[in-house]
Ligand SMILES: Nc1ncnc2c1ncn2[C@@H]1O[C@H](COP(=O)(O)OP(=O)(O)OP(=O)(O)O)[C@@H](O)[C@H]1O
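Only one chain comes next, encoded as structure tokens, the form predicted alone.
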């Protein structure tokens, strides 16, 4: 399948700034893909989306959709529909009038408008709300109206700028599911912006992780989760986040700041032996704390540390410990845990899931498969 949306070396610099808000953004999107831009506030993700929409001028670089360059095309002529964080509904219009407003501007026939309204309202469950005003709707209902207004236009590209951030946690989950289901039904090319890594992981075909206006990594959600390109991506994706420790390479072992040493395997040693120090990362779920499984580990790979906090999540506990002056979080089956805050806790790192990063650059250090 050929590339449908192409962003080539896109940069954005505001007149009053010496630095670039978006720097050398390069991305090709297939038709029908669901792409999520994710990163902390101020990383440039919304600015990039607004450049695609035509609401911000591109300083340099090239934007094309379906083979047509759009840099200088007016927003209304780009055949895109945008869903905003604040819904942007007309308060004096009914739900029906809000949904069909854009179709009337395009001078579509009454029959076409009626047909598209019926289709959109059925898909989004708005049939009973068509005559209400926005003030009479809940946040989730308003967001469905905003989605309806977008889908009736059947645009080439859907743009969504943090559309769920104003909703409460429970409603965000249900709306995530609705948007994902809607995308499957429409097979619409969608670019979605969020600061919420859970939205990125659960909704995207591919995720674009950004920091300080620069792309850090692009890939499928689980590829980024298991193989982060650097320490920023490693720490940003995942809840709780990946544990990262600064360690010394001593022989064929890692030595933590506390003096604790644990052995590493041959492939890991070959990858890091040329460095004096590295960062080692391990996900909370890849720390073994089950006492029955710990008997399989040799003594030089067992670790003990006091529990300084614990979050009881129901079927699992998030256990917080300090290792060599650095905090770490473990995910532990609550049924198999009897320790309390202050108790010493034994665990081991699942060796095959350790990640290694260059301490100076933060870049991932590849380890050959065993």
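Numbering follows the first chain given and starts at 1. A quick note: this is a predicted structure, and the numbers were derived from the prediction, not measured.
Missing here is the form predicted in complex with the named molecule; even so, the following discussion is about that form.
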Within a 4.5 Å heavy atom cut-off, is residue 43 in contact with the named molecule in the predicted complex? yes
Look up in the predicted complex whether residue 317 has a non-hydrogen atom within 4.5 angstroms of the named molecule, and give yes or no. no
Contact flag, residue 178 vs the named molecule in the predicted complex, heavy atom cut 4.5 Å: no
Indicate whether residue 329 is a 4.5 Å heavy atom neighbour of the named molecule in the predicted complex. no
Answer among 307-315, 339-347, 57-65, 35-43 for heavy atoms within 4.5 Å of the named molecule in the predicted complex: the stretch 35-43
Is the named molecule in the predicted complex near all of 16, 21 and 162, within 4.5 Å of a heavy atom of each? yes
